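A single chain, nothing else alongside it, follows as structure tokens in the form predicted alone.
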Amino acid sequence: MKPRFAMLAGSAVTLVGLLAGCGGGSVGSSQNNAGNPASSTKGVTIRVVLANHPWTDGIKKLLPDFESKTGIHVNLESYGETQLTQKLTTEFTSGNSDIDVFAQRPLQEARLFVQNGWYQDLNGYVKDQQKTPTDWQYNDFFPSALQTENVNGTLTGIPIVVEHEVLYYRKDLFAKANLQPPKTIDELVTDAQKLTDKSHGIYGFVARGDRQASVTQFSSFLYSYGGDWFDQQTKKATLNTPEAIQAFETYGKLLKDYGPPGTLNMSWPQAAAVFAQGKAAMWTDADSVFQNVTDPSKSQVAQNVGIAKFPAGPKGSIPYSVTSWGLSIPKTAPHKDAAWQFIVWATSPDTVKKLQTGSSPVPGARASLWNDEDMKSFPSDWVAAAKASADGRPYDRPLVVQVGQARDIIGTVIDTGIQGGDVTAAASSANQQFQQLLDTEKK
């Protein structure tokens, strides 16, 4: 798989050349910048608002290094994904927020935040050689990651985490049942049935069932069945196509028949906990959260966890492959230069490597660090699954401004399937609602 990632790294150079012509440009050194901060930023305290995520856990441990090098103090806050979005929206709407740096999901917030003028466009910082010396290596980020962060000419953030949906499975339970990890979704359903033993508290499958949270993980099922949220050319909703209905029904059946109680209230932490406690045989979710089930201090089944590529549907295995998180500066930030120093440091090759090769590794967005040596902190089957997923779909939710409302609409169909309701009727109703949303966004 090495040639594919070498090609991606080379492609990044081409992309940067294109971005330079529309406001991007040359870059600079995180080490020089962080080691010799402008006198105007020394002693400054910046407010950094992040998500509860393994990346945040890792960066917290490295903050003393940044503070000692720069003289900048960091007040860090972290919230759950939904709470983070609510806080950002509330503060930015008020117009007097004192947030300097925030974590954002480019596929979730970027279009709305750009429309509302809440971002500081980072193109100016990227091309400023005084603030960003060349060894920061902007052209080292994956092209798709940078494309995700560029919305209508605005560089909304710098990518920090890339994710793919993978299959986690219990090697011991599969061996006991004389089964191999499923290569197809049909096999996934069959294996879930065989491995469900409710009398002993073992369920064949667990995944997100919460209405909004489930949409991103359902996406890989949808794509692998040949469906999508809407037609990109005609802007016509496609939630009620035969392919989409089959995907909704399959995801619902897995959680209804072979999932644990309380699925409708589960986002990734709850689903991960069920798997980590040894109560589920399989779990599909982002590869970036693998530490929650493979770390012996967090998981009762850590030694028996296997990781495989997302199983194939009728159209093959098409998992999402996305930039899930980036770091941004709001337009209202009181300390923009200090905020940029933090972002340059947090996304520098040195820091990304520490996060990617440390005791709690997180997959970063720098192409040069995705070779076998730099990925040694990850399980070998994790690396194989992630690399095999690199050509997946670059979005895990509809690419719309009102993405929260879209996820609510789609989530109702997923919930209907989990509860054993009429999926076809629910999909038809959801398709009408989603089409109305799409129509409001047509220019």
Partner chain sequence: MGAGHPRNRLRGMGFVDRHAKWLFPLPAMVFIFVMMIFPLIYTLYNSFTGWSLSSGAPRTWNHFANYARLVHDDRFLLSIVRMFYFTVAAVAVELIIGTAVAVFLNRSFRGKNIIQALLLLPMMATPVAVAMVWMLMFEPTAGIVNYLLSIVGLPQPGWLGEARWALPTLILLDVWEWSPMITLMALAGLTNLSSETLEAAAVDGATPWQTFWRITLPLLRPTLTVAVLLRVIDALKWFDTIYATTGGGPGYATETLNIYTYQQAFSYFNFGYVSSILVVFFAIVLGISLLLSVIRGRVEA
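Only a predicted model underlies this, so the values are computations on that prediction, with no experimental measurement involved. Note that the rigid core is defined as the largest set of C-alphas that superpose within 1.5 Å between two forms. Residue numbers count along the first chain shown, from 1.
FYI, the form predicted in complex with the partner chain isn't displayed, but the following is about it.
Peer 1: With the cut-off set at 4.5 Å between non-hydrogen atoms, does residue 260 touch the partner chain in the predicted bound form?
Peer 2: Because a heavy atom of residue 260 falls inside 4.5 Å of the partner chain in the predicted bound form, the answer is yes.
Peer 1: Even though the partner chain is not shown here, does residue 404 get within 4.5 Å of it in the predicted bound form, heavy atoms only?
Peer 2: Residue-level check for residue 404: yes, a contact with the partner chain.
Peer 1: Flag residue 253 as yes or no: does it have a non-hydrogen atom within 4.5 angstroms of any non-hydrogen atom of the partner chain in the predicted bound form?
Peer 2: No, residue 253 is distant from the partner.
Peer 1: Can you check whether residue 41 is within 4.5 Å of the partner chain in the predicted bound form, heavy atom basis?
Peer 2: Looking in the predicted bound form, residue contacts with the partner chain do not include residue 41, since no heavy atom lies within 4.5 Å.
Peer 1: Only one of 136-144, 369-377, 315-323, 86-94 has heavy atoms within 4.5 Å of the partner chain in the predicted bound form; I'd like to know which.
Peer 2: Correct option: 86-94.
Peer 1: Of the options 193, 277, 129, 184, which one has a non-hydrogen atom that comes within 4.5 Å of the partner chain in the predicted bound form?
Peer 2: Answer to the contact question: 277.
Peer 1: Would you mind picking the one in 356, 241, 212, 299 that has a heavy atom within 4.5 Å of the partner chain in the predicted bound form?
Peer 2: Exactly one listed residue reaches within 4.5 Å, namely 212.
Peer 1: With the partner absent here, would 112, 116 and 408 each sit within 4.5 Å of the partner chain in the predicted bound form, counting heavy atoms only?
Peer 2: Each of the three qualifies.
Peer 1: Has the Cα of residue 118 moved 2 Å or more between this form and the one not shown, judged after a core fit?
Peer 2: Residue 118 C-alpha, core-superposed: shift of 2 Å or more.
Peer 1: Superposed on the rigid core, does the Cα of residue 88 end up 2 angstroms or more away between this form and the one not shown?
Peer 2: Residue 88: C-alpha displaced by 2 Å or more between this form and the one not shown.
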